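A lone chain, given as structure tokens: the form predicted alone.
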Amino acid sequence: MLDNLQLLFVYAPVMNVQMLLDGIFIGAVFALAAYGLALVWGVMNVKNLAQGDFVIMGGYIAFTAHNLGIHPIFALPFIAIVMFLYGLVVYQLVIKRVIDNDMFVSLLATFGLSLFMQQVMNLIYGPEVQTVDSHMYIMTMFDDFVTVPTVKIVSLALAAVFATAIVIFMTRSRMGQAIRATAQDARAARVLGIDTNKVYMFTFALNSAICGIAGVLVSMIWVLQPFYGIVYSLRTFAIVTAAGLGNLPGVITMSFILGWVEQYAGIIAGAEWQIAAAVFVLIGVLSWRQVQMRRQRQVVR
């Protein structure tokens, strides 16, 4: 570990540029999936433990499109539509039945959904790690110490475009305003004539489409495996818990922070500590919030 620290900060400090760039590229994908989870959690009060499996499913659809000769980027609109429809089906079969129950029921239901999706993807695609070749140029800088794949730049741009589109939809469209009203007070929204059941269904389907888009980006810059969904579920849960519900700037900021933390943890402590870093970030944020809450407590007189 000390040797790695010396390598980063003494012998080859230019490697920090690589860490910062990779953190930004990775954080952009995390932000998409995390914002989808924040929507479902904030509007429906459902903690979706299958969030990462939706991401992997979108990636496998992109992998299938690639095998058919269609570049994943060109297949993005089709994949988003397919995942949106899949979200509608899952809502009707599973989520609709657990919305009015307590948190433990939604956790069990989505955990079962996660296991089901993992096994189905395993049966269809097999347990082997799959990759999608984007056929894009890899740039190098600083005497090849820093590599910047063009596909990661494209993924960052696409994530920014879709995040902007989601924000515009949530603030300008009638459905977006209905979603925000339902998130603030579902009972008041129903009194005002908003069909909250339709809002819940659309919200979950929108989250599924967002995960599908994130999955396409994952398929181009990382690898796919049926049981990798839990990794993305853990990351999105840590980001949303740390940033807070309905806080898009906070979600984006925490996504970049988590991306940087994972990169530095991987290079300093080893690749096996990258996912553990997300857990440590979550524990640290929760502990800090607990300290802040204790400071604000007052004795009731």
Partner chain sequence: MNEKLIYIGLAVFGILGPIAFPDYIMQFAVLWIMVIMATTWDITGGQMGYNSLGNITFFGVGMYVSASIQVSMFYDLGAFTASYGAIKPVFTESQYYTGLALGVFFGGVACSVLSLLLGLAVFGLRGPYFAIGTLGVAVAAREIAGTIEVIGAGAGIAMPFLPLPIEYRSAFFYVLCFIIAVIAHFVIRWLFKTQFGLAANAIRDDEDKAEAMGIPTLRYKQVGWAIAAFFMGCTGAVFGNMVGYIEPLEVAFPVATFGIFMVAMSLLGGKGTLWGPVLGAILFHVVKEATWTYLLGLQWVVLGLILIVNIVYFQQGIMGWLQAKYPERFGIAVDESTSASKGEA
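Since the model is a prediction, treat every value here as computed from it, not as a measurement. Positions refer to the first chain, counted from 1.
From this point on, the text means the form predicted together with its partner chain, which you will not see here.
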- Task: May I ask you to state whether F104 is within 4.5 Å of its partner chain in the predicted complex, using heavy atom distances?
- Result: yes
Do I275 and its partner chain come within 4.5 Å of each other in the predicted complex, heavy atoms counted? yes
| Taking the shortest heavy atom distance, is L21 within 4.5 Å of its partner chain in the predicted complex? | no
Q) Closest heavy atom of Q119 to its partner chain in the predicted complex, within 4.5 Å or not? A) yes
Here the chain appears without its partner; judged in the predicted complex, the stretch of 153-161, 206-214, 109-117, 67-75 with heavy atoms within 4.5 Å of its partner chain is 109-117
Thinking of I81, R187 and A189 as one candidate spot, does its partner chain come within 4.5 Å of a heavy atom in every one of them in the predicted complex?
no
Its partner chain in the predicted complex has a heavy atom of only one listed residue within 4.5 Å, and of A183, V98, I166, V199 that residue is V98
From I252, I61, L234, V261: within 4.5 Å of its partner chain in the predicted complex by heavy atoms is L234
